[in-house]
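So this first bit is one chain, no partners, the form predicted alone, shown in structure tokens.
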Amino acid sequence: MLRIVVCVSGGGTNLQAIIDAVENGIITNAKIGAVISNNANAYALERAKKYGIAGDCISPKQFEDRESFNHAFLEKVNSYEPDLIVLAGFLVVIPGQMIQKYRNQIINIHPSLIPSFCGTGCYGLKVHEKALERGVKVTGATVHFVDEGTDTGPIILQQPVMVEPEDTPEILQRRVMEQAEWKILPQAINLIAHGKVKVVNGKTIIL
């Protein structure tokens, strides 16, 4: 049984997609052990509470320096003994020592088709603003493993989404969530839970 820790900063819509997928049998052989947020007011923590999932808040603001936070954050994650860490809108840089310890055990969902509209400072609504500014006809979402770079880890799954002429960033964001993020994130977790994802030479192989 794959033990999952989900890290999230906001409302937790992707967390809800994971919870629903577990409840509906889309994800099997996996269980959410805890939800960790850097924001005490994150609605994601309420979602966790509703389903009887342990919820924790730990923020860099609680510590004198980033090194102290990184150490405490890693200890908090370790305490839940996760097999997989899912970053679902988590707006905190993952400590290098955590990436080393959990190599190919941390995944992230990004709201574009990487390598487009990704990297430092490209998150949330900003991604969709950039996509519309560029005038792309197709966008989407990507699930990837986390490495030391920003959105540079091995790609697991991608799902394209059409851009419509009347789209605003908010409308496009919602469509990408509904048509891509909420589908491929549970799919990727289920593949990992059943040992169907392997990383070879920096690239993923779906078995």
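As the structure is a computational prediction, the values presented were derived from the model and not from experiment. Residue numbers run from 1 along the displayed sequence.
The form predicted in complex with a further copy of the same chain exists for this protein as well; it is not shown, and the discussion that follows is about that form.
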*Counting non-hydrogen atoms within 4.5 angstroms of a further copy of the same chain in the predicted complex, say which of Asn70, Asn39, Gln179, Thr152 makes the cut.*
Thr152
*Would you mind picking the one in Lys126, Lys137, Lys101, Lys76 that has a heavy atom within 4.5 Å of a further copy of the same chain in the predicted complex?*
Lys137
*Contact flag, Val146 vs a further copy of the same chain in the predicted complex, heavy atom cut 4.5 Å*: no
*asked:* Whether Ala48 contacts a further copy of the same chain in the predicted complex should be assessed with a 4.5 Å heavy atom distance threshold; does it?
replied: no
_Ile206 within 4.5 Å of a further copy of the same chain in the predicted complex, heavy atoms_ = yes
*asked:* Within 4.5 Å, heavy atoms only: does Cys57 come near a further copy of the same chain in the predicted complex?
replied: no
